[in-house]
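The data below hold one chain only, encoded as structure tokens and taken in the form predicted alone.
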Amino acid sequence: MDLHLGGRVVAVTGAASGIGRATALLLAAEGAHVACLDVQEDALRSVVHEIEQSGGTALAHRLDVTDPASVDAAIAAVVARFGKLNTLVNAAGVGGMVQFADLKLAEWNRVLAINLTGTYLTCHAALPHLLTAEGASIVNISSIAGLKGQAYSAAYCASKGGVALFTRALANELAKKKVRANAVCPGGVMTPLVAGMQLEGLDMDLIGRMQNPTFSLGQPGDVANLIAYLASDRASYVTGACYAIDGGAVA
């Protein structure tokens, strides 16, 4: 894949693992300067080391997407290091499955704070820099849970549905300002988040409704490929889209 990303500066939240990590590695391989942002500092340094060992350029910076001061400091560090910011990729996220009757307010607030409010905070902090950048774009990670309801996922669906429509709102508002905004909506992907889900006591018939026709999970790299395309000028006419990448689960 040749996406002509040389010289572009891309900030990736959630870059320490899963889809964020795969995205950071791919973007660096395509020539972008990648700012890797996450709360998991040791894992973050490992990603940056891997990028640098392969000849790429990267920055590791701790980011708590629920903390406005942390978000502002992280974006400022990116611009201080690279002088600009062309693309923001919001891959930081949390989830899990719990019966709604057992869903505590604290967990509801935590999921929305990270998945939805965190996306707002990073976009808000990055926007002044994106407005002055060439080929500026935002790629937010929603989910097929943001496109359809899923049992045991009330908070996650609410947060990811919010991300999808938030992204479309930005796309409309920023189109004349030359900033594109798109959302990627993965289905089941083999990430630490999925691997760690606890399903004990849940109705497996309802869980089965989330399956795709192939009865398989995607890989983080599958999603990273789409994100890299949306971050590139190859997608210059694409904005306001919510792409399902799910093996046909919502077909």
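Note that residue numbering begins at 1 and tracks the sequence as displayed. Note that the coordinates shown come from a computational prediction; the quantities given were computed from them, not determined experimentally.
The same protein also has a form predicted in complex with a small molecule, omitted here; what follows describes it.
For the three residues Ser143, Lys160 and Val189, a heavy atom within 4.5 Å of the small molecule turns up in the predicted bound form in every case. A heavy atom within 4.5 Å of the small molecule in the predicted bound form is found for exactly one of Val65, Ala224, Val48, Ala32: Val65. Distance criterion of 4.5 Å from any heavy atom to the small molecule in the predicted bound form singles out Val94 from the list Val98, Ala77, Val94, Ala164. Interface membership of Tyr152, defined by any non-hydrogen atom within 4.5 Å of the small molecule in the predicted bound form, is ruled out.
Although the partner is absent from this view, Gln40 contacts the small molecule in the predicted bound form, with a non-hydrogen atom inside 4.5 angstroms. The shortest heavy atom separation between Ile114 and the small molecule in the predicted bound form is within 4.5 Å.
A residue is said to contact a partner when one of its heavy atoms sits within 4.5 Å of a partner heavy atom; Thr239 fails this definition for the small molecule in the predicted bound form, lying far away.
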